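The chain that follows stands alone, in the form predicted alone, written as structure tokens.
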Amino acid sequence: MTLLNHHAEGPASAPPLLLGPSLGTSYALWDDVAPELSITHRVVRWDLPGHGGSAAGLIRAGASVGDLAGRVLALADSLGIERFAYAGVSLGGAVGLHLAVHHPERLTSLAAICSSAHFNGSKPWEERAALVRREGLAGLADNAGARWFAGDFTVPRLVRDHRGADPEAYAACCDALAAFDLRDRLPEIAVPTLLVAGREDPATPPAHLREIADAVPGATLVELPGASHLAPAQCPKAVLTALRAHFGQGAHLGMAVRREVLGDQHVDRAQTRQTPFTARFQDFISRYAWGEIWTDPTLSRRERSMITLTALVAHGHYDELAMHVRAARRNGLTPEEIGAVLLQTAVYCGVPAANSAFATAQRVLAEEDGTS
């Protein structure tokens, strides 16, 4: 096996979001968060080498966080994912920071949860690696609840996953944490970045997340009361709220583009008619159609208008055609250019379709000119 074990959920057409785990856990860490995120994203959770279902041989002694990041990129490549949002806890968050510094072209946004740009120096991790190589994981697993959770809270499955991890792979992950220090590179991070701290976290206290937030331009910091190191397991609703707000930025951007292309009046009417039944569809339109497709710089808005007019004629969507004739004018097309697009549709979509399209466009253009 050459790829990290993973679990994918959510629509294949949705924006991809990769979720990374903490040391000693599996992708079960995200059990109470990932299904909700998968409503709007293609969520891919992965296991560290030697953890969960990932082969121990995917990591060796002396490994680096960069090695783990390379495994994550290989997984994304195997799934046909070029750019993705990323969230990770602790070591999984360090992987995200590494990607943001060394592979910024692959990330659309980043969230680091209960993580750090360094993990208190190399000595404690060298000592832990030596302990695990000598005695195995039983002792650490017995004390996992105290390290991971606040109060009496626990998640038995995660503790079992800790106990069942491969000791050598776990130790190699400790090697990676021992060598990790990105503090001097943090100002280079340019992707939208969210930091989530657990106020009761002894492993990566809030000060570690504040340090990142202070150094990364435009970063946002959220501190969760009552949360310890595995915040997605202990406080899933709070983590979900923070991640939704952060990774939902495409909907906000999409709404801005939607208004620019279709006009405030049209969008306001659509928003006024929105109901709880249609809310997710409206979010989908803003996030995906306008936030992902119309913002892609590969094609200009003029070109996108031409394509959209043709597609609407081909399928006989004349009410939508009227709306997009107006949009085409906002995007800089002249009446003559719109007429040329419709004439082209007569050849490839049929004369009756073009006839109806010309009638619709003529009415709209006349209204625009105030001659009707």
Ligand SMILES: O=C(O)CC1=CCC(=O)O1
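As the structure is a prediction and not an experimental result, all values here were calculated from the model. Just count from 1 along the sequence shown to find any residue number.
Keep in mind that the form predicted in complex with the ligand is missing from the display, and what follows is about it.
- Comparing 216 to 224, 189 to 197, 121 to 129, 260 to 268 against the ligand in the predicted complex, the single stretch with non-hydrogen atoms within 4.5 angstroms of it is 121 to 129.
- In the predicted complex, no heavy atom of L107 sits within 4.5 Å of the ligand.
- In the predicted complex, at least one heavy atom of A203 sits within 4.5 Å of the ligand.
- By the criterion of a heavy atom within 4.5 Å, V239 is excluded from the residues contacting the ligand in the predicted complex.
- In the predicted complex, no heavy atom of S286 sits within 4.5 Å of the ligand.
- Note on contacts: among R244, H103, R147, R133, the single residue with a heavy atom within 4.5 Å of the ligand in the predicted complex is R147.
- For the candidate set L158, A165, L177, I212, a heavy atom within 4.5 Å of the ligand in the predicted complex is found for exactly one residue, namely L177.
- Contact annotation for 9 to 41: residues with any non-hydrogen atom within 4.5 angstroms of the ligand in the predicted complex are S22, L23, listed in sequence order.
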